[in-house]
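The chain that follows stands alone, in the form predicted on its own, written as structure tokens.
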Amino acid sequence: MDAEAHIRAGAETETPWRYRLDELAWRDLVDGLKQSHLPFVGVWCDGVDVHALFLPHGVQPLAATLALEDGRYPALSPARAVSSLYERMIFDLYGAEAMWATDVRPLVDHEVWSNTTPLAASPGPAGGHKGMIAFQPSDAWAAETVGVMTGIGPATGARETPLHTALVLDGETITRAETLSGYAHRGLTQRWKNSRVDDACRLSGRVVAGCSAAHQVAFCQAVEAACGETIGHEVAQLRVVLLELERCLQHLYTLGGLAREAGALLVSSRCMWFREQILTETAPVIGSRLLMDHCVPGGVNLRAATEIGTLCTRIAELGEEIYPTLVELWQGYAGLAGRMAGVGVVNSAVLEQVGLDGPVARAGGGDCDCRRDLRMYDGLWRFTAGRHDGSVEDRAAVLLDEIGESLRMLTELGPRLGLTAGGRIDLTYPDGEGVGMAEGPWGTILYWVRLQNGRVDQVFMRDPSASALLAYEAALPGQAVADIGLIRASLGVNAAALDG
């Protein structure tokens, strides 16, 4: 049997797309995944069971559940590399051990918490570590490292989230790189548990700066799926407006940062100026500059929903005025393309190994965009060609192209959104679970939400940051130390989403 068949052969649960397996069947699933291309989302724990989620057909979920036995379960990381990060998080939070895992180092608990395994039934004692957190290398690092060892972060004085990158150098060339995270851990799993639905939604909007709308859209869709409710088409299109505005703003911010790293200050300032023009038009209508807390379970919450159509038209006019000249400036600025060409290549083999989607994958030959499968994008989304070489230059070009595509969608949405836009349906929050997703600025964001007694019982969140971190580590060897900032910014590495 293939991996999907192994899952469906399990015992049915109260959720039609989730099946319960025994340990032998779970091991068979792991073996099946080694020969399967079944899209993997993530693995998480609730203290009693461990769950693995897949997307075999577009946005249709398929999950496997296994009861922990003596606090252990067979690891998925031998078949899906990115699972190692989820397994390390599970051990840090619950003390559940992934047997035969490819990496057993701590992810976020570096022996400085007031309790170890804080979400276990019986949390452990306080960590005994004092002072600076020490980098703990992998077995491969310890066995193969030859050269000068150094590191960057977590405190660099720059704008990126805190992450330590340990490096081995041969002159100015990186020969090996590994990361140490956990500095941005905020205890999201525990804070979501048993929270009010509206409070959980607010928290989801604060997972990643610059991706608030995508996180809250995905969370709200998961809650609505758990309730068996569907929002109206016009409200769904208002959510599309939020998503595409956020994509424009975040891509312009990223491109501005890349241009600044490359020494093209004129291009950087032009990107940030365009971004500010959009924000100036958006804030009075949407209600804030951050696009945060405007998507709520059952609908949207906008200051002036009936003016959204006019706003889309105004943004489209701004795009016609500014976007073509920005593209011309980016493509014609002396030395910019040369500074990025061939830097930080992430090829299709690495993308497949780490399971990364979004614009990074589209710049490396990948054909992945969950908008094609989302009903709210019916009649709006169309295939846009990506790049194939997977360098920083290619990723920047894809981001620039996607800004144009988002502006096109907003242009089409303007006449469709009239005076009846907005609103919210009342949800009753029965016991159940649901999955929701959105295409964020850096790829697919997915939420699994379980409701119980009218509150949120548990949340699992999938963000591209886990796969981006593995791609970052894979891209650094062979690169110059001076290019680290370019590579990191172009991959969307974000420690806040990773650390949870």
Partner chain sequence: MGLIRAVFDAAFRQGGTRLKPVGPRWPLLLFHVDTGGCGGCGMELEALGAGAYDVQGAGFGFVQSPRAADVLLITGSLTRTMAPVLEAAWQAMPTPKGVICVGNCAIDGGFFPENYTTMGGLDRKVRIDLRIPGCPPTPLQVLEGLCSLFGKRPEGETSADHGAGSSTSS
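Positions refer to the first chain, counted from 1. All of these numbers come straight from a predicted model, not from anything done at the bench.
Here the subject shifts to the form predicted together with its partner chain, a form of this protein not shown in this document.
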Using a 4.5 Å heavy atom cut-off, indicate which stretch of 333-341, 407-415, 221-229, 247-255 touches its partner chain in the predicted bound form. 247-255
Touches its partner chain in the predicted bound form: Gly187 (any heavy atom, 4.5 Å): yes
Does Arg105 reach its partner chain in the predicted bound form, with heavy atoms at most 4.5 Å apart? no
Is there a heavy atom of Thr161 lying 4.5 Å or less from a heavy atom of its partner chain in the predicted bound form? yes
Although the partner isn't part of this model, could you tell me whether Arg88 comes within 4.5 Å of its partner chain in the predicted bound form, counting any heavy atom of the residue? no
Candidate site Ile152, Val350 and Ile484: all three near its partner chain in the predicted bound form by heavy atom within 4.5 Å: no
Contact assignment for its partner chain in the predicted bound form, among Ala421, Leu119, Leu167, Ala264, heavy atom within 4.5 Å: Leu119
Ok, Ala96, Val240, Leu290, Leu311: which has a heavy atom sitting within 4.5 Å of its partner chain in the predicted bound form? Leu290
Going by heavy atoms, what in 195-228 lies within 4.5 angstroms of its partner chain in the predicted bound form? Arg202, Leu203, Arg206, Val207, Val208, Ala209, Gly210
